[in-house]
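To begin, one chain is listed below as structure tokens, in the form predicted alone.
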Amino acid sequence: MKDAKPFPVLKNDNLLRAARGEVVDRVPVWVMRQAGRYLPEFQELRKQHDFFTVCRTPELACEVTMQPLRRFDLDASIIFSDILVIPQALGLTVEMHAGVGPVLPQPIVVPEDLKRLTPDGALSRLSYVGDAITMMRHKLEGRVPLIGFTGAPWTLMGYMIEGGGSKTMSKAKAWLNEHPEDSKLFLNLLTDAIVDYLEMQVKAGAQMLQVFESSAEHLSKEQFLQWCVPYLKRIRDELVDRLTKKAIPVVPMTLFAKGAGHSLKEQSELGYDVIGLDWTVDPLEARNLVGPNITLQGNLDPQDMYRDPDELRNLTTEMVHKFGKSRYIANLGHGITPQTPITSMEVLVEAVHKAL
């Protein structure tokens, strides 16, 4: 998978230094969904290509990954893909419908449906992501680090049962109550696939990884500790173990559990280098809970990107001052939204870099 030629030397390593707790030249900033719908050049490309065709075509995935870097002085790139490539690789159809989002026309409805999943060979069906990562590392020419990512088990399970996004996750939550043993089976199957997938991404050249537990917000603290934490810990521990045994350098890992501000202390004990925060969490409170030895990432409200530039600049500067320069990566508290003005990204990035 990896090109024979070595990767270019990294020029701006502030993201990785921040993740490891080392001194940085400036606070690093990147934005979740920074390659995407708010960019007119992305919209142009999407007029010609289906969403998952872009994901599955390394040249197109790299082009989209590069688009925000041409406009903004960001400190990281994140490979263009989607968390739902894992359900696809496990045999479920996933379609992207305009104005709706992802749709899984044949969801997992009853435990018997788990037999339809095809974990054998799933990793080989995701090789295009590894190819895109390797290609992107060369295209970046060492400009900034490249982040790889995955959805977390509960979040993927939710999509696979609900048949798409859901405001309540009621069907998936019903599974946890009505089919607890099958839910464990399901989550373990997804965890196995995720560890394989992340290992492949590191081998392909990903310099950092983020695990998106985007649907944590639908669970109580008790449910989060029962149905998310053990699998999130397994992902981190098994990946580190595998990489170490193969003498592959371990890359920093970020856990972003949206809506799980109630469990920051527990998250900080899972072994991840970075904890991502949504906008509902106070930076000072978060630092007290996770302690001094974990990097925090976040957490501007994506809606603040619609404020006037001076207001946005002030909010961003205030946020960075609260987090401080040590062990901090600036970001939004969730993905950037489609109508966000381009000028807001310019203001955000500049304000972060000038804040301290």
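What you see is a predicted model; the values in this text were computed from it and never measured. One-based numbering along the sequence shown.
Just so it is clear, the following notes concern the form predicted in complex with a small molecule, a form of the same protein that is not shown.
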Quiz item: Can residue 101 be called a contact residue for the small molecule in the predicted bound form at 4.5 Å between heavy atoms?
Solution: yes
Quiz item: Is there a heavy atom of residue 154 no more than 4.5 Å from a heavy atom of the small molecule in the predicted bound form?
Solution: no
Self-check item: residue 83: touches the small molecule in the predicted bound form, heavy atom cutoff 4.5 angstroms
Solution: yes
Practice problem: Find out whether any non-hydrogen atom of residue 159 is located within 4.5 angstroms of the small molecule in the predicted bound form, and reply yes or no. | Solution: yes
Quiz item: If you check 307, 46, 313, 322 against the small molecule in the predicted bound form, which one has a heavy atom within 4.5 Å?
Solution: 46
Quiz prompt | Contact residue in the predicted bound form, chosen from 290, 27, 32, 61 - any heavy atom within 4.5 Å of the small molecule | solution = 32
Quiz prompt | Candidate spot 7, 76 and 142, all three touching the small molecule in the predicted bound form (heavy atom, 4.5 Å) | solution = no
Quiz prompt | Segment that reaches the small molecule in the predicted bound form - one of 270-278, 222-230, 239-247, 209-217, heavy atoms within 4.5 Å | solution = 209-217
